[in-house]
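Below, in structure tokens: the form predicted alone, a single chain.
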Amino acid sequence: MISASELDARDPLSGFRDRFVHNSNEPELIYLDGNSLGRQPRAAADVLARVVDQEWGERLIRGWNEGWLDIAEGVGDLIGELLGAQPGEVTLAENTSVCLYKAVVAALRERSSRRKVVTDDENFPSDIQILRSACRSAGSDQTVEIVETSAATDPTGALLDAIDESTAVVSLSHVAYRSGRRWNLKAVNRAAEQAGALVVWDFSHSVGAIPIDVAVEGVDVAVGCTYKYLNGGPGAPAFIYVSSQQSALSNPISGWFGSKKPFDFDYQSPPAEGIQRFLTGTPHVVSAALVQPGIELLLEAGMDNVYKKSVRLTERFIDLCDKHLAKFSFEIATPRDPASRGSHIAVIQAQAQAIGLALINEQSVIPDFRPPDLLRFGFAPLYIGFADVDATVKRIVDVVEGGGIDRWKDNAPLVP
């Protein structure tokens, strides 16, 4: 195995690491949260100072005519570059749950004669709750069918068998939040199209880590958060993508910013054209502006380069786990084929929560825990290096051999 130091020395993306904030009081910290929150880009501080101190502090309400109204669409177009979308097909809106609700209700109304929504048991629980809410709100007898793919020998086959002429919508997380398994976009989209159904994707665990081309892969509708691999900050607004070919889809939560001329204050105003019709209330300004620096870093690095490094980081982690952790009953839960996974690796261990807490509190490694026995390690290629991978596995061994499990087995944090 090539040494980590040699790989880091050869890494064409190594310079991006210093363009993120690292706490000088924790120089040994390795941040591998399974990307529920990415690191802060250094440029975000400049954006915050400009928007808060200059634009809000000095220009006050004049800011709306001096660029604030353009932020949601402008940042949306940058995300569109990552997704292979056309300008005007992506915008920032509310959080992922609300964006998903809007997209699914819109799709259900377009397929109102069909009664079934198909998802899988690896989908994010909140997404499934939203799907059920959308069915209730669509005003029909549509119901959610949850396909059990987590234990299936052929997950894709199990899913596709459930898609038929009664299916209105298929809604999936592109990369599963627990296992890290990745769906084949083109295969699912093709099967749904042949059955006459629409697919609504959640890109939260893939955008910014996995190359996506919505045009080539036939994606019609997608949503996603911006605070994971896009590094937009805690609670950053989500995005919604609707292909220009789906012009019949309408926003089920219509409001003034989704209308054609919002400042006419006309309650009978027709919807705006393009993706702006999926806006509702006043757009975010401060938090939306903070999303831009992380996206610009990814575009500068190039998604192909980001993905190549992701594969090498995750492969190295899996190899080292096999060599050093299997004897301690650690089991890789993520597909070993890079084409079938995202950029986080899920590891099963009966004492996962205690190990995670020991890593955080004793070893300066931050993973995350998902009940009952899963640790996730997220590899963000712009600020994670190969030496981080090696050090993480060594520190896990130190926790297990050094009694860390016993010290932390009775602790349960509010946020796992």
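Start at 1 with the first residue shown and count on from there. Predicted model only: the values in this text are computed from it and were never measured.
If you look for the form predicted together with a small molecule, you will not find it shown, but the lines that follow are about it.
Think of it this way: in the predicted complex, the small molecule has a heavy atom of just one of S179, T96, T314, S171 within 4.5 Å, and the residue is T96. Distance criterion of 4.5 Å from any heavy atom to the small molecule in the predicted complex singles out F124 from the list W256, F328, Y307, F124.
Contact annotation for K102: none of its heavy atoms lies within 4.5 Å of the small molecule in the predicted complex. Contact between C225 and the small molecule in the predicted complex is found at the 4.5 Å heavy atom cutoff.
Put simply, T91 is far from the small molecule in the predicted complex: not one heavy atom of it is within 4.5 Å.
Looking at H344, you'd find every heavy atom of it more than 4.5 angstroms from the small molecule in the predicted complex. Heavy atoms within 4.5 Å of the small molecule in the predicted complex are found in exactly one of 296 to 304, 146 to 154, 328 to 336, 196 to 204, that being 196 to 204.
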